[in-house]
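The chain below stands alone and is given in structure tokens; this is the form predicted on its own.
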């Protein structure tokens, strides 16, 4: 095994457009749900073929069928001139199909080189792990892709973007001929995204076929040779990347024009409305430094800044997840500074975390259990009224339009947008007054985003406090009444309504404008 992309060893002439994958009539159903219906798809060597659609459109099921995790009900998969009714995971890997998911699966305590060859280790003649050979081959593979990482660096020292790149290199080390990427840039900054997209072009130049799944349409237009749209499990269309515009894609994804999407009217200022929440001198040494601001009931206060500016660290401190060195939280003049998350919940705070799957949900438990858990933590007594609990959860599921066959469905089986709504349902049942959103629409399709925005607006209209951390510029500019900009652990300025623009947010975030 050379460790180089297979296409680099067996170059295919560009002009032949060799087909690596042809899928015909792919159909997969679950009880009560048609996940895929008669889907056709193909991929050529050296092509980046983007797959887009709302959450629940069938993208995840498509990936699982291709990677061998699920067997289709009907349809054929033709890979490299051989036809299959279904694949096993081992078959898919042996054929050169590699999937890199949004969440890192690397081992933080191992080096880059060890992670790349984990599971197919380089061994000495006597059967021991060959460290020097592993590091040499890892370096050669990365150099062939224009990556200058030191293979002896421990993965825990890497940034999120660097970990994503190592995950891709790991996939290529197994002679990948088809690389499937599922939302690889969901938690990356703009510069990190550019770095990753540049790597994909290099990989495609090695004649590896890439299936790229993303909710960020600007990325799709930047790298996509072709774009296929899925909706409700069906293939709507396939376009050449340079011949389709954003409005058409959105219309095909959600069934209506982009111009009809949700637009939030800013909260009307009122001289008589009290500043209900005051964050006063919040500090954690080396992380957050002397943060002070106020938020009025009924407004949405956005927090912008570059990755690493301290935004997530601030909301964790506000919720009592991390220990602060100084600071008070005052609500209507009353000190509610939490020392623990349970203390925060009892004082009417809730935190919708950036990583809903790791810190917001218990994936292997039901919708009912996930929605009820915070509410039950506030109730006295050792016993539950199961009938009452069923009714309360069913009501909130209907109210938020959570798409699930049953409240007993495991949350892991829901789409990303519906998982986020389960997190919201959990907190809404606590009657919280202060909602802290950290990247509320990360990894969520444009239709589900609209529903989340409506829920946030509804909370604000009820006089609740809404604080929203976001890396999405359009989200910050369209949803926020005011935007606080963080840089280097400090809040360097607060933009008022008439000052908010993408240019202003970016300029303050990088220090191009000083206040």
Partner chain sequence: MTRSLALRGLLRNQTFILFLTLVAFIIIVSSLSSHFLTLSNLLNVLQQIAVVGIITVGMTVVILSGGLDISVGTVISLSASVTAVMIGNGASVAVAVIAGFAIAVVSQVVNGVIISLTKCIPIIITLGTMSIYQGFALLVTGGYTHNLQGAFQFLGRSDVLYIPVPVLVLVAVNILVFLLLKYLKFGRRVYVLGANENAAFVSGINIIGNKILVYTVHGVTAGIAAMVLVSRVGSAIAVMGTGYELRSIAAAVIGGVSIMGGEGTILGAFLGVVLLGLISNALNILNVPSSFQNVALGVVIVLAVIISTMGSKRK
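These numbers come from a predicted model, not from an experiment. Numbering follows the first chain given and starts at 1.
Beyond what is shown, the protein has a form predicted in complex with the partner chain; the following relates to that form.
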property	result
In the predicted bound form, segment of 93-101, 426-434, 277-285, 125-133 with a heavy atom within 4.5 Å of the partner chain	426-434
4.5 Å heavy atom contact, residue 309 and the partner chain in the predicted bound form	no
The partner chain contact at residue 389 in the predicted bound form, heavy atom, 4.5 Å	yes
is_contact(residue 361, the partner chain) in the predicted bound form, heavy atom dist at most 4.5 Å	yes
Contact test in the predicted bound form: residue 372 vs the partner chain, heavy atoms, 4.5 Å	yes
Contact residue in the predicted bound form, from 152, 234, 379, 328 (heavy atom within 4.5 Å of the partner chain)	379
248, 384, 118, 107 - the one with a heavy atom within 4.5 Å of the partner chain in the predicted bound form	384
Every residue of 321, 357 and 365 near the partner chain in the predicted bound form, heavy atom within 4.5 Å	yes
Within 4.5 Å of the partner chain in the predicted bound form: residues from 322-348 (heavy atom criterion)	341, 342, 345
